[in-house]
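The chain below stands alone, shown as structure tokens; this is the form predicted on its own.
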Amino acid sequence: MKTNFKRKLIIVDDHLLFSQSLELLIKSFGEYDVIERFENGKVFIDYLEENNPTDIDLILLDVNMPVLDGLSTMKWLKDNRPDLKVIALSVNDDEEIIIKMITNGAKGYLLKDTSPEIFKDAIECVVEKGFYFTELVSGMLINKVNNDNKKISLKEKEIVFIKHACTEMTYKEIASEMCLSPKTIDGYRESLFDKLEIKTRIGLVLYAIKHKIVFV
């Protein structure tokens, strides 16, 4: 049964041609409407503070913008509007940036050259289910940790390590914080990757979020 109801989206991106093309693509899906476009995080936040909208279904947020970038905007949203669902958009697949965006509340992370089919699937998943992570972001995690019946016992120091790994600290800084050698930290990392059946630090972060070791 068809309905005239459309989900409301906002695009925050400083590249005009990209944001215009993205709007046309979204509208072509037929189920969504782009109600606003902003060129940076500051004007977007100003809009939220002035209007306090409560009917936004999804924000598409560029990571790299002038004035106020995606990460700073994401941190503000986490503190002030945690109800808003965000998919981060970027030309970079840098692990550090992905982790920062996810741990600050982004529900998905897509590269800007993502196919329209995957892009549509991502929007639908975030709007309906609350999150979407491609294989790029999740590594081999999703297929492994979705089995909720699988019980994994973690030692106290492993949990502490995981919590630190979800921050912006390097492995060397984690070793210093835990008063352990970098070699020991490498051992923790490899052991956890094997135990949790993941391959990247991003997978470790997603595992921690899913199992409420850290909260975003």
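Throughout, rigid core stands for the largest set of C-alpha atoms superposing within 1.5 Å between the two forms. Numbering starts at 1 and follows the sequence shown. Keep in mind it's a predicted model, so treat the numbers as computed, not measured.
Below, we refer to the form predicted in complex with the DNA, which is not included among the displayed structures.
Q: Counting only non-hydrogen atoms, choose the one of 34 to 42, 62 to 70, 49 to 57, 181 to 189 that falls within 4.5 Å of the DNA in the predicted complex.
A: It is the stretch 181 to 189.
Q: In the predicted complex, do K75, K112 and F133 all put a heavy atom within 4.5 Å of the DNA?
A: Zero of three within 4.5 Å in the predicted complex.
Q: May I ask you to check whether F18 falls inside a 4.5 Å heavy atom distance of the DNA in the predicted complex?
A: No, F18 sits far enough from the DNA in the predicted complex that none of its heavy atoms falls within 4.5 Å.
Q: Even though the DNA is not shown here, does K27 get within 4.5 Å of it in the predicted complex, heavy atoms only?
A: No - in the predicted complex, heavy atoms of K27 and the DNA never come within 4.5 Å of each other.
Q: Looking in the predicted complex, any heavy atom of T170 within 4.5 Å of the DNA?
A: It does: once the DNA is placed as it appears in the predicted complex, T170 has a heavy atom within 4.5 Å of it.
Q: Does any heavy atom of K157 come within 4.5 Å of a heavy atom of the DNA in the predicted complex?
A: Heavy-atom contact with the DNA at 4.5 Å: present for K157.
Q: Could you pull out the residues of 191 to 211 that have any heavy atom within 4.5 Å of the DNA in the predicted complex?
A: Heavy-atom contacts to the DNA in the predicted complex: F193, K199, T200, R201.
Q: With both forms fit on the core, is the shift of the CA atom of K195 between the shown form and the other one 2 Å or larger?
A: Yes; K195 is a residue whose C-alpha shifts (by 2 Å or more) between the shown form and the other one when the cores are overlaid.
Q: Please say whether, between the shown form and the other one, the C-alpha of V205 moves by 2 Å or more once the core is aligned.
A: The answer is yes, as the C-alpha of V205 shifts between the shown form and the other one by 2 Å or more after core alignment.
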